[in-house]
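Shown below, as structure tokens, is a lone chain in the form predicted on its own; questions about how it binds or moves come after it.
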């Protein structure tokens, strides 16, 4: 067995790992396995959704082949281990782009489907699952299931956002969208409070495809921040930016995100971005994936790791709930350099267990401070529950079961589709299976 951790580095756990590379031989590998298994790609989920402690992991990164692409329609069929980054870099020069991607492109297609990831344009195009036209599952009893929005839609709804629990995703057919090139016409707008944020969010939906904001989590319930919006630019002849990857070279002995660094950093960042506000043309990679150029950035939280807490609450209670969460976070002295606030569009997700829903979502990283962190999370949980919201499973490592069941009311329906030969740390913690 090998010791493996998730992106949050909250602990390393023993796993037996099998590396998959030949989709024609997958039945021989996963059927009749002596241990319950779980597919894992890049392990960029923060908590235990991508871990199977004391069990079997099927690493899918070797399933990275393109199967077919239609240059006329933009339909791409590929194996589940293909990285979103590689699709973008291959297809954008050919005039096509993935319509929806999360804040990192260093994830696999299978992982993006299993967690039904979302991006900055949910109000326009929904989540990743909305771009999937068909997927193929291999169950641990050997059954192959092809499903899609119009083909066995119940299996599709269970598998999109299904946390990898309905079967091994072998391949998928994705609908790409046309794009003129790699450039984004962007605008940064400073705001001073939550009222201004919601005015910007509502006022940007019609004219701007991509919207998101950085928010200063240390300024109490007031909620100042920087609103960022962008559209794909027309074709233009500009030199591509040089690749400049930085790296956090080692694990520091303590978290670099702490009371001494957090407040001054947020104040300085807000002032700098306010000074830089206005319109610009930027390459899609720093616009969509600002942290991908800082390799192993998760190390900066030190040896105890970190939690990410991302919630979504309905719009009608969103302003009060977000303000209450920010007050609790500011009082605690904990928080994040990169706190993200965004509205979701008025559309329900395809998946039974998908996270996105109409409303407003707040996401922050928190250094692991043990009991002190969990007391803060309990207060945040209470706010989210009272507002009728939910917490993102792809980023969770500690949610109580009652909070999970309140936020995901279709869980019993979903469990009818779970593969009995698949399990994860999260499924055992929150579903008992």
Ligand SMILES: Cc1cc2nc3c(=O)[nH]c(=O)nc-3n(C[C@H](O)[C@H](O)[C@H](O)COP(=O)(O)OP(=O)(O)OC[C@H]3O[C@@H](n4cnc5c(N)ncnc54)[C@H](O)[C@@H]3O)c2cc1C
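Positions refer to the first chain, counted from 1. For clarity, every value in this text was computed on a predicted model and none was experimentally measured.
This protein has a second form, the form predicted in complex with the named molecule, left out of what is shown; the following refers to that one.
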Picking from 223, 351, 230, 110, the single residue whose non-hydrogen atoms come within 4.5 angstroms of the named molecule in the predicted bound form is 110
Contacting member of 362, 321, 169, 132, with respect to the named molecule in the predicted bound form [4.5 Å, heavy atom]: 169
Verify the contact flag for residue 297: yes if a non-hydrogen atom of it lies within 4.5 Å of a non-hydrogen atom of the named molecule in the predicted bound form, no if not. yes
Just checking whether residue 41 would be counted as a contact of the named molecule in the predicted bound form - the rule being heavy atoms within 4.5 angstroms. yes
Just checking whether residue 398 would be counted as a contact of the named molecule in the predicted bound form - the rule being heavy atoms within 4.5 angstroms. no
Exercise: residue 384 in contact with the named molecule in the predicted bound form, heavy atom 4.5 Å: no
So, 49, 60 and 114: all three within 4.5 Å of the named molecule in the predicted bound form by heavy atoms, or not? yes
Exactly one listed stretch (172 to 180, 158 to 166, 185 to 193, 202 to 210) reaches within 4.5 angstroms of the named molecule in the predicted bound form by non-hydrogen atoms, and it is 158 to 166
